[in-house]
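Here you get one chain, nothing else, as structure tokens; it is the form predicted on its own.
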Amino acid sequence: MSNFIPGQPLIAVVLRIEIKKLRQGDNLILGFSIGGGIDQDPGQNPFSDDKTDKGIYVTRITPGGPAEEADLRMGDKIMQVNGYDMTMMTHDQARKRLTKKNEDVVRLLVTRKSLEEAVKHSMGSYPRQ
């Protein structure tokens, strides 16, 4: 995270993001890549603070693609896809869940670490003397 300042609190915000897949021939394009899964080495995940975290993370966003338009961001952790829990899936299961041919829209529940939100919360909750 480029905007991280040591000593600043980071909090995770939960967001609902809806991505309309882009049809290209027979393919439906989401415009992002994922990393992680219970079958992967969590120590290799650059986005997790906890190196035992086997969650599914967004690792790449295609510029101008459907995911970018929906404001999905690199480093977002995918918790649910269309209501299905994604926290205990293999990488392949997660990929298949995201790329189902009969779904034009993918509704994601993601957590995002947000310094901005943490700053807003801390400013709002403590009256200055």
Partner chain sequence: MDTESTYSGYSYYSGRSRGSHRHGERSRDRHKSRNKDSRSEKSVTINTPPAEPLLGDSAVRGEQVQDDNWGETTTAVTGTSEHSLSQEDIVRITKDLEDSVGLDCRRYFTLTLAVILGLLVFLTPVAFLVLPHILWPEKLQSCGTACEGLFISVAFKLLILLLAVWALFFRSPRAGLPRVFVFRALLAVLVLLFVVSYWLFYGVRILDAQDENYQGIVQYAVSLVDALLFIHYLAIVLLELRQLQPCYSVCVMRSTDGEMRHYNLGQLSIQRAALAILEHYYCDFPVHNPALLSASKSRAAKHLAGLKVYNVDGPGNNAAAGMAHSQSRAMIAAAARRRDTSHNELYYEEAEHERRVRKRKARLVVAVEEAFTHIKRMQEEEQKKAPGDVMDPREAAQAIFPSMARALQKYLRTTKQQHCHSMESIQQHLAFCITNNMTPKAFLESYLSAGPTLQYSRDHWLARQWTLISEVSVTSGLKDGSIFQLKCADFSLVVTTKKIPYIQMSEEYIDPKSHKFVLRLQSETSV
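The structure presented is a predicted model; accordingly, all values stated were derived computationally and were not measured. Numbering follows the first chain given and starts at 1.
The protein also exists as the form predicted together with its partner chain; that form is not presented, and the subsequent description refers to it.
This chain is drawn without its partner chain; in the model of the complex, the residue among S33, Q80, S48, T90 with a heavy atom within 4.5 Å of it is S33. Proximity to its partner chain in the model of the complex, defined as a heavy atom within 4.5 Å, singles out one entry of D104, D85, D41, E69, which is D41. Although the partner is absent here, R73 lies well away from its partner chain in the model of the complex, with no heavy atom inside 4.5 Å.
Although the partner is absent here, R95 sits close enough that one of its heavy atoms falls within 4.5 Å of its partner chain in the model of the complex. Annotation for 53-70: interface residues with its partner chain in the model of the complex are T59, R60 [heavy atom within 4.5 Å].
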